[in-house]
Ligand SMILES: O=P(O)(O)OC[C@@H](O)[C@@H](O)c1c[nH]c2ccccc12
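Only one chain is included here, represented as structure tokens and corresponding to the form predicted alone.
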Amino acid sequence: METILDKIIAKKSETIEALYKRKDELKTIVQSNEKRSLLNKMKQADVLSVIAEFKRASPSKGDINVEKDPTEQAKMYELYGADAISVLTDTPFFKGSYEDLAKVREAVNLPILCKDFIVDKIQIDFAKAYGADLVLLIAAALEDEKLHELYTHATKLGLEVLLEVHNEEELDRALKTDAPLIGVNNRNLKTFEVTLETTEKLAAKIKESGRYMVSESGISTFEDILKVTSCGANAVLVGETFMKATDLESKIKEMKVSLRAEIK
């Protein structure tokens, strides 16, 4: 049976074809070379790092906040203490764009993550050109050879990589790379079911490997934060909760909990 992930990846062929037709844009886009490192921030942090996401819609939730302005939202994220900003650039399923990425880059001085279903080098080239400091690579969407190829391409461009997994088999594959940032997606990308037990199950192996762990999806309450930090998360990635928040400042600040020395 075709999963949601299968549908998204299948649609990517159209996106990639369109990007290759726009390849000449890459020669004309002038982007700051200033390096903004999320990894360095996390290494120095004594509180949980918060990656705040700009997310208009999703396949599981439908429209979340399609009218929200990326510049305005990014500025609020920075003002209220976010450590980095994730921007969805997928158009068909998430209503995002590289233009959103560029607007966020211009608006703030935080590291910017290009969050997409990356399956081709051209997507990384556009992410870099439009202002990303990091890109997301999803183990579930990539065979080993392609995963290593894209990881190498991104790092050669000076980008950091958040390598995402959601089960032990994917984690074992991720740990065969040099990626220091491992994202644990609590949402199963094949069924879109969410459980924080995913972070709890994978945390020990990630921490033993010496990597930094980002818990993604399904995080909305202070109790959720305590659950993922107690097993070793260095950061969380939060989208829908922030995009819908009526008191964004309080929501971000409640997530900035201290990290115990043993899980820093």
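This structure is a prediction, so every number in the text was calculated from the model and none was measured. When you see a residue number, it is the position in the sequence shown, counting from 1.
A second form of this protein, the form predicted together with the ligand, is not displayed here; the remarks below concern that form.
*Asks:* My understanding is that the ligand gets transferred in the predicted complex by a local C-alpha superposition; in that placement, do 3 or more ligand atoms come within 2.4 Å of this form's backbone or C-beta, making it blocked, or is it open?
*Replies:* Check passed, pocket reads open.
*Asks:* Is it true that 164, 218 and 238, all three, sit within 4.5 Å of the ligand in the predicted complex, judged by heavy atoms?
*Replies:* Heavy-atom distance to the ligand in the predicted complex: all three under 4.5 Å.
*Asks:* Spell out, yes or no, whether the shortest heavy atom distance between residue 171 and the ligand in the predicted complex is within 4.5 Å.
*Replies:* It does not: once the ligand is placed as it appears in the predicted complex, residue 171 has no heavy atom within 4.5 Å of it.
*Asks:* Is there a heavy atom of residue 53 lying 4.5 Å or less from a heavy atom of the ligand in the predicted complex?
*Replies:* Yes, residue 53 lies within 4.5 Å of the ligand in the predicted complex.
*Asks:* Taking heavy atoms only, is residue 142 within 4.5 angstroms of the ligand in the predicted complex?
*Replies:* Heavy-atom contact with the ligand at 4.5 Å: absent for residue 142.
*Asks:* Answer for residue 101 alone: is it within 4.5 Å of the ligand in the predicted complex, judged on heavy atom distances?
*Replies:* Outside the cut-off, so no.
*Asks:* Which one, 151-159, 172-180, 67-75, 133-141, holds residues whose non-hydrogen atoms are within 4.5 Å of the ligand in the predicted complex?
*Replies:* Every other range fails; the passing one is 133-141.
*Asks:* Note which of 147, 88, 108, 129 lies within 4.5 Å of the ligand in the predicted complex, where distance is taken over heavy atoms; exactly one does.
*Replies:* That would be 88.
*Asks:* Along 106-124, which positions have a non-hydrogen atom within 4.5 Å of the ligand in the predicted complex?
*Replies:* Contacting residues: 115, 117.
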